[in-house]
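Here we start with a single chain on its own, the form predicted alone, put down as structure tokens.
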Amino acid sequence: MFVEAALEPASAGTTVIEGPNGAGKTTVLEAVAFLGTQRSFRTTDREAIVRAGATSAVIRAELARDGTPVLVEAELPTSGRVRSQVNRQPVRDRRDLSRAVPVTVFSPDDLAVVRGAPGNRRDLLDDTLRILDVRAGLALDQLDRVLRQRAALLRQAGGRLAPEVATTLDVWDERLATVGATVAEARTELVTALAPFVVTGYSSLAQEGVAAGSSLTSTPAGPGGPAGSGVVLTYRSSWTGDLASALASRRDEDVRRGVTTTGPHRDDLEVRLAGRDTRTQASQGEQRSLALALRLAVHRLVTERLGAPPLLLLDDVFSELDPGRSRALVAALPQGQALLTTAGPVPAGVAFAARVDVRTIGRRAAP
């Protein structure tokens, strides 16, 4: 594990970070991604991110946006709040980081986006919204705060809906209904925008055209899109009607269980292929192609909306792909700055601007 490390990648094109398994390649990409998302793409365990024996980690990056220098820093304690700065100014909202360090991450764990828990798919949507939509990013941060406050109140209630609890719940429910509707609407609109890119990406990666007549929908609660022969994306809300009424109808259950049982934090992005639920009824090859298509769709949409591609992080992703899918992915990626890790040869067709052996970039802890 690194005590300290420094990397100066090529300012344009792909920098290949090489080294054997366990040498720290993923750690480098994880640090870069954390600057833009305040989250590891590998684990939720903070202690697994910080070097064993240390109480905190510090990440610092010097970037340039339209020729203007940008300094982004983050301090990660093993416990407690992460502290981030952009140009020495404290950052309170993750949307500011997402716009300062827009990143797209491809990793072998991307299968979880398709077949894992709904939170993986919500994270994909929310990370994208924080880059693209200032208003939606603000709503997402407000939603996090409201849900934390409501959860704390429900825990304190101890299963009893006392008058003072009901009064305070009225306040938080009003706020949750307002910001929750905003988040759900923004996610739904994003799914609609991503859908054509997902269809195109899947067609290329699967090396088989999406059958003619495939359907493409994005809807909130209610029946999903028609079971066509192609890729169908559906945003599934956890409530019907307006959120305020749904919260009121679930209040007794929420108090009894001590959790908020409905809201955007319970929503999901449903991905169907030829009418099948891809979480349980798709092959691993189909799931992998869909996971890559979703990531690729985000990268292409952000590139289109911002006029420049986000920083692309490819964490040993080609080791999990056959040569055909590797070529298709490379061909589909917009040109831009990228960091690619590999324990083996660079895949055919990948042009790179620099190569770095990860074992040479820093000082390591004693064994």
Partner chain sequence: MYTGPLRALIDELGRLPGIGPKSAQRIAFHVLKIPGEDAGRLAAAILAVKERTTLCSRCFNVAEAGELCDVCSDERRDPTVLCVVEDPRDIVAVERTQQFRGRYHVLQGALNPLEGVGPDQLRVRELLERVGAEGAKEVILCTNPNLEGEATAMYLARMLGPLEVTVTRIASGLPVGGDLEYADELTLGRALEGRRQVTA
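If you're wondering where the values come from, they're calculated on a predicted model, not measured in any experiment. Numbering follows the first chain given and starts at 1.
There is another form of this protein, the form predicted together with the partner chain, and it is not shown here; the text below is about that form.
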For the interface check, one of 254-262, 290-298, 151-159, 119-127 should have non-hydrogen atoms within 4.5 Å of the partner chain in the predicted complex; which one? 151-159
Contact test, all of Arg99, Val146 and Asp170, partner the partner chain in the predicted complex, heavy atom 4.5 Å: yes
As a check of understanding, the residue in Thr182, Thr234, Thr278, Gln142 with any heavy atom within 4.5 Å of the partner chain in the predicted complex should be identified as Gln142
Looking at Ala112, Val134, Ala193, Ala248, which has any heavy atom no more than 4.5 Å from the partner chain in the predicted complex? Val134
In the predicted complex, is there a heavy atom of the partner chain that lies within 4.5 Å of any heavy atom of Arg95, even though the partner is absent here? yes
4.5 Å heavy atom contact, Arg175 and the partner chain in the predicted complex: yes
Is there a heavy atom of Leu71 no more than 4.5 Å from a heavy atom of the partner chain in the predicted complex? no
Taking heavy atoms and a 4.5 Å cut-off, does Leu138 contact the partner chain in the predicted complex? yes
